[in-house]
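In structure tokens, one chain follows: the form predicted alone.
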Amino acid sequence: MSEFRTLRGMRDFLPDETGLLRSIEGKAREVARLYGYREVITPVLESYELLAAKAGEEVRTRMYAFKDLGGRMVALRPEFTASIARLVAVTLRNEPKPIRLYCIGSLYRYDEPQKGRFREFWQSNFELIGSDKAEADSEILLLTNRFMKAVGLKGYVFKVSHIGILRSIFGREGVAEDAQNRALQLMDKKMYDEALSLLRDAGASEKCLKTVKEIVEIKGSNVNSILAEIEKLIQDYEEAVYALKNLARILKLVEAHALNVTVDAGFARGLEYYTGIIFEVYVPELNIALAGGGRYDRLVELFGGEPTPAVGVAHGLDRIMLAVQEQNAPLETRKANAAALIATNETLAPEGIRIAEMLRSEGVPVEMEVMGRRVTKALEDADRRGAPYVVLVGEKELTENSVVLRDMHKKQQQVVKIEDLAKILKDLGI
């Protein structure tokens, strides 16, 4: 028989890894609760047209897309925002604004697998829909900052920009939107020479090309001086200056909250739907973004809704898990802390099951010996599995409505009444 393996770019999470991932997911849910976001669940499979509409060429070419049995072109979701925008446009169009939603789940892109990049990956996604104010953008930055703190990460940096700066310059030059999108895709890959060549072919002036070339060189953590430097370069582009002032307002709102921010004027993201601030989060140990997001004010309208401003962020849960492991961050994971229960002979199995079920009814986790091992071997197995306590169900003790409770760390045991067993185990932290 041939050996079956996971598909390339897919992976199994073993119990300890799953525990860490679920712990990180739990932190995301706690952040959602603190900021008033409500959870929604959207389909893993959506129409290709919906997902491709503003995904960007890079994402479009890497989607898992196929025809279903009805002949419809469908795809596995490569990100969450399009599905949320559809939901708001179609189902939640009359909800009072702002709408705060979040979702957690798996996503799929046919990327080349490498460290921190898989074809199936996990995200928590937060969307604030209905406000065009800087306060909404600042909330997305602050909740992301709180999430990074909650999982124990150190030294993380927010890389920020405003896509309206470059879009305004390109638009003033008469560069068509399709060419703008292709240029920004190249800039996202740091292929700046190719982007400038494309813009030149699209009709951009030498002044424009010089401005863009100088813009991509501007980056740094001294926010005010960097913003002033950008403003000098773009003063002839009125809408770009307006975009820059919007970015300055957002960063001013978060200034007192100790975010480690780097402004990178030439920064672009691969998705085409962004209209305002864009950002990503990095740690020094990894050259991949742990989170990314921005403002998208035209996506809901594109899917048939009313013109609706929106801003959001996606947190890469499995990437954050990798960063936590790289930094040895002290994130507590919920480990199985079950007591073991051993019936000392086969005839006592019904009584063992009864006691185990009684304990579970009281909320006490129990792993019962089901392999038919002798008591000595069963105790060795319980120790190997890390069971802190073992309940031994024996004939003699049962005549007195009791069992033996063994402390596996102290190698001590005592006889306890069955009616007291659940409380004792709870008091011991089981």
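Residue positions are given as counts along the sequence shown, with the first one as 1. Not measured: the values here are computed from a predicted model.
One more form of this protein should be noted, the form predicted together with a small molecule, which is absent from this view; the next part is about it.
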Interface segment, criterion being heavy atoms within 4.5 Å of the small molecule in the model of the complex, picked from 257 to 265, 162 to 170, 244 to 252, 124 to 132
124 to 132
Can you tell me if residue 294 lies within 4.5 angstroms of the small molecule in the model of the complex, counting non-hydrogen atoms only?
yes
Examine residue 229 and determine whether its closest non-hydrogen atom to the small molecule in the model of the complex is within 4.5 angstroms.
no
Considering non-hydrogen atoms and a 4.5 Å limit, does the small molecule approach residue 79 in the model of the complex?
yes
Residue-level question: is residue 313 within 4.5 Å of the small molecule in the model of the complex, judged on heavy atoms?
yes
Even though the small molecule is not shown here, does it sit in the model of the complex so that 60, 64 and 189 each have a heavy atom within 4.5 Å?
no
Just to be sure I understand the contacts: of 271, 341, 300, 141, which is the one whose heavy atoms reach within 4.5 angstroms of the small molecule in the model of the complex?
271
Quick one: of 117, 154, 97, 219, which gets a non-hydrogen atom within 4.5 angstroms of the small molecule in the model of the complex?
117
